[in-house]
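Next up: a single chain in structure tokens, the form predicted alone.
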């Protein structure tokens, strides 16, 4: 294929991302799994990049997990999402930036539904007004938070204190990137690179000095899938999905996994612990696991943020091997200290997975 043809095709996989004035929508489960990630996103956007980001305390769940689990009907979910857009409208913003992949997919689905079926939009406006006396405008721009970090990846690189490079050898860190299913598999044209060639995380890795690993199960689901995990009887399927990915990536000896979904880093982190207890398996070197990070955590490490301010002590797979390879300066004894140096207590050691 001639280069002009490749460039023309690649343009179809791009998306418009607003440059500033973001209405920020937090994620329900991200705040509980890895709360430092959302705080880090705000720190990077506001303090490092000087962007206007409105973090609305009145924002609530999008109902995404309940909707996809057939608990909340679509009409109700549309009304909840309309309230989010009404909050954005009232705050004077037009660029909507959700932290959650499921929310991003849900907002996209609802906006597309309103476009294809205008009567559903009018019904939603009516329902919202009856319930809250609020009115709303549809966002001019909808982008996931990973899109924003991707957009400014080179600006972050210019401010970087560390690179995704082994400081002792000078070799790029070997990194697995995992894209959340609801980012581009539901609506491929809404994700950078589409479903087949997503570049939103790989672009960050490339800009920050790492090397992306291509492996057989690169696009396989992490195993969250809502019904796969929310229903206890299905959790064997959930962990088997993650195991399939671990078994596939392990021969390439990755240094870390970087993700852009709330559930994926949680499952890649927790299931490694579970598999080590169930089968005595560890997938990293020397009894370590493969650390699974959010893209904000990786950006924070590159910028030189304290690992414990990023919340890396909340991961069950130890992050220290990556910190040491990157040459990051950190204080080990501060790992389990909270505000005012309060001792938070150490978790019990795993049977097989290495603990620091």
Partner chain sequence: MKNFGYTIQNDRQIDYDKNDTKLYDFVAESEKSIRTCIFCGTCSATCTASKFTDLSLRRIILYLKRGLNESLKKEIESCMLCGKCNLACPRGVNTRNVILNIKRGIEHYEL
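Positions refer to the first chain, counted from 1. All figures in this text were calculated on a predicted structure; none of them were measured in a lab.
Heads up, the form predicted together with its partner chain isn't pictured, but that's what we're talking about next.
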Quick check: do 185, 237 and 241 each get a heavy atom within 4.5 Å of its partner chain in the predicted bound form?
yes
In the predicted bound form, which of the listed residues (79, 95, 207, 228) lies with a heavy atom within 4.5 Å of its partner chain?
228
Using a 4.5 Å heavy atom cut-off, which residue among 220, 134, 123, 270 comes into contact with its partner chain in the predicted bound form?
220
Proximity of residue 329 to its partner chain in the predicted bound form, heavy atoms at 4.5 Å
no
Distance check, residue 68 to its partner chain in the predicted bound form, heavy atom within 4.5 Å
yes
Only one of 83-91, 220-228, 150-158, 126-134 sits within 4.5 Å of its partner chain in the predicted bound form by heavy atom distance, namely 220-228
